[in-house]
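Just one chain follows, in the form predicted on its own, and it is written as structure tokens.
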Amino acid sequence: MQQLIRNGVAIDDTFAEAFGMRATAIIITAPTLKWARQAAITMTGYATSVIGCGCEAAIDVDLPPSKTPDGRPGCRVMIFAVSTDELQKQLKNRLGQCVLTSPGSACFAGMEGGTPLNLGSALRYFGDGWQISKKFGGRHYWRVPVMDGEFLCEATTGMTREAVGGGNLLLLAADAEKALVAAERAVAAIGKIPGAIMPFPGGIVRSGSKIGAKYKGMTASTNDAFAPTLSGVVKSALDPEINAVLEIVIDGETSDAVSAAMRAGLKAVIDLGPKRGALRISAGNYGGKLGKFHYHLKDLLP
């Protein structure tokens, strides 16, 4: 495979292959940012991959009081799924179990337009008849009594069919410590891009996968070509000096958001250099046959 060199880091001439998804967003507020984030983190738990979790979700951005509907600290959460029905199911369950339950929380639409998805309209029945419908400023809210006061929740939020899931970077390093340093730098840079999330733990994946497996019922299995301990027994994609690989998976509200996020991650790893971070950067794809979105690394280089 041909490579380009930037600041001593080898960049494979390859592309990340991504897929169309459906996405929505909500704004969670609370008395403090700590509690807004706690609700958001709980809501987005176990939402790393649609393969096993039903959806992919994470915090998009933190919001100061001046940027939220009720003038309190908050954060915008994004959720991605493969169908409208699954997205609505995941949104309802996670909102009801993780945001409604969180002290002082309120919830508002974080996306406009498209097919409306139920928020308060789905959770209002928890009020057992005591819930109150409220329209203000052209928007519809539900007020649900709870033990610390009331849960204010906008009736619906929007959905986009233009979302993209599966943008990715593979960071190849001499050891696990350097791979993690490089990945953390990339995550920090990507985290500044609005409209893009990294759904895996801390934004980082150690167990990159390939499609299919030799065991019945498995839809995905270990990406053996990038597993250092298997380099002597499989057709490996690794150079002899590579002993650790970490992946960053990116979902975006738009294709442009994924491009911007990958560009930011690439720059951060390249700027770090090979002595402290990655020796090489690659990306995962399926030969271009499965996903219509192809992000060529050479086109995203700083």
Partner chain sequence: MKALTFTLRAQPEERLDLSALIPDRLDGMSVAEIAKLRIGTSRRPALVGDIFKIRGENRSHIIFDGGSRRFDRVGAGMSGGMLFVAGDAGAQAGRRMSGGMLVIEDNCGPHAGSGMAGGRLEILGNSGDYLAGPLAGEMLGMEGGVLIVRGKAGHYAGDRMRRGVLAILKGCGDYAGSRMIAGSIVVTGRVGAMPGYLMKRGSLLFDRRPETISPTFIDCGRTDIAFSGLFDRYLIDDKILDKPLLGRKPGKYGGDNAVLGKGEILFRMGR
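Numbering follows the first chain given and starts at 1. Fair warning: this is a prediction, and the values are worked out from it, not measured in the lab.
This protein has a second form, the form predicted in complex with its partner chain, left out of what is shown; the following refers to that one.
Peer 1: If contact means a heavy atom within 4.5 Å, which one of 92-100, 205-213, 116-124, 67-75 is the stretch that engages its partner chain in the predicted bound form?
Peer 2: Of the options given, it is 67-75.
Peer 1: Which of these residues, Gly137, Pro201, Gly232, Gly217, gets a heavy atom within 4.5 Å of its partner chain in the predicted bound form?
Peer 2: Only one option qualifies, and that one is Gly137.
Peer 1: Looking at Ala106, Leu172, Ala196, Ala81 here, can you tell me which has any non-hydrogen atom within 4.5 angstroms of its partner chain in the predicted bound form?
Peer 2: Of Ala106, Leu172, Ala196, Ala81, the residue with a heavy atom within 4.5 Å of its partner chain in the predicted bound form is Ala106.
Peer 1: Answer with yes or no whether Glu150 is in contact with its partner chain in the predicted bound form, where contact means some heavy atom within 4.5 Å.
Peer 2: Although its partner chain is absent here, Glu150 would touch it in the predicted bound form, with heavy atoms inside 4.5 Å.
Peer 1: Is there a heavy atom of Arg143 no more than 4.5 Å from a heavy atom of its partner chain in the predicted bound form?
Peer 2: Answer yes; at least one heavy atom of Arg143 falls within 4.5 Å of its partner chain in the predicted bound form.
Peer 1: Would you classify Ile132 as touching its partner chain in the predicted bound form, given a 4.5 Å non-hydrogen atom cut-off?
Peer 2: Yes.
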